[in-house]
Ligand SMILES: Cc1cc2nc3c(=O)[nH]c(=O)nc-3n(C[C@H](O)[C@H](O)[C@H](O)COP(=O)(O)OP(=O)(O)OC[C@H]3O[C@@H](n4cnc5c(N)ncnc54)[C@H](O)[C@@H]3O)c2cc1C
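Before any questions on how it binds or moves, here is one chain, the form predicted on its own, in structure tokens.
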């Protein structure tokens, strides 16, 4: 098998394939730990709540797979912090109902409950809480998947751009600067680069649009304070492995080609993040101590693509929400590569 793309979804797929005894080559265009895609950084939110019951169910299925990855890697990659959702009461009821349909128990916390549990947080309205939410260690997760994949026999080639992927009668081909590689199936997990790479090869591939987002880091006033992860209509946030608090902004920039995206941050977005932090996170210095831009590759309907066309398996459209599902998505892509059925439905190619 060949896996193209060494972000979290490609790394997860290679790990699953190697665990099953498949011969696998993982090809990544950039150096290990690069910041050009959507998987870099040190932390990502894990939450079980969503307004969509499908994604609640996927999160429920993903949680034990995170523990399985930790056991296999022999290291901690997931910190349980509890998670809170800020929003209007009507929107939070939608999330509570979707979570309940997936078997997730949620609790309403009043503003005084929030302040008692996390003195550094503030809310004017009730919030929705579930205790299983937490933070994953992003780059450490990718590194662990790649390391374990190699331990199990996977070949990993960084700085190996792929110029073309083709279906053939007996499998699929991948063109690199070092020559053409052939395999029974090729898994393509290349985020916003996917439509260009697979042009003319995969009928029904939805539009995948890339844009940039912005995050900032804040220093807690009390170094011993604990923090939940959270999502609000404007922001999302979590504690970082180095003791800071990361806050991201949900407003994305204009569509951009992933090779031509900028890395500069926007002063207006910075001000909006700092204003929200000043109102809702009084336990940190409201002036950020670092910021960065990140890349989102999303479909127009916001659903993932996890499907197979001929001998090409496609995984893309994971945007800013997919990292939490990485062990599950990798398993699904590995299933498809080895001939098992995929999830279909809203994750299918050629959907309306």
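Note that the structure is predicted; figures quoted are calculated from it, not measured. Residue numbers count along the first chain shown, from 1.
The protein also exists as the form predicted together with the ligand; that form is not presented, and the subsequent description refers to it.
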Inset, instruction - Quick one: find which of 279 to 287, 306 to 314, 48 to 56, 292 to 300 has residues within 4.5 Å of the ligand in the predicted complex by heavy atom distance. - result: 292 to 300
Inset, instruction - Tell me, out of 99, 273, 186, 238, which residue has a non-hydrogen atom within 4.5 angstroms of the ligand in the predicted complex. - result: 238
Legend entry - Residue (of 123, 81, 160, 137) lying close to the ligand in the predicted complex, criterion heavy atoms within 4.5 Å: 160
Inset, instruction - Mark residue 322 yes when one of its heavy atoms lies within 4.5 Å of a heavy atom of the ligand in the predicted complex, and no otherwise. - result: yes
Legend entry - Contact test in the predicted complex: residue 8 vs the ligand, heavy atoms, 4.5 Å: yes
Legend entry - is_contact(residue 4, the ligand) in the predicted complex, heavy atom dist at most 4.5 Å: yes
Legend entry - in the predicted complex, residue 141 touching the ligand (heavy atom, 4.5 Å): no
Inset, instruction - Give, in sequence order, every residue of 185 to 212 that has a heavy atom within 4.5 Å of the ligand in the predicted complex, or say none if there are no such residues. - result: 189, 190, 191, 193, 197
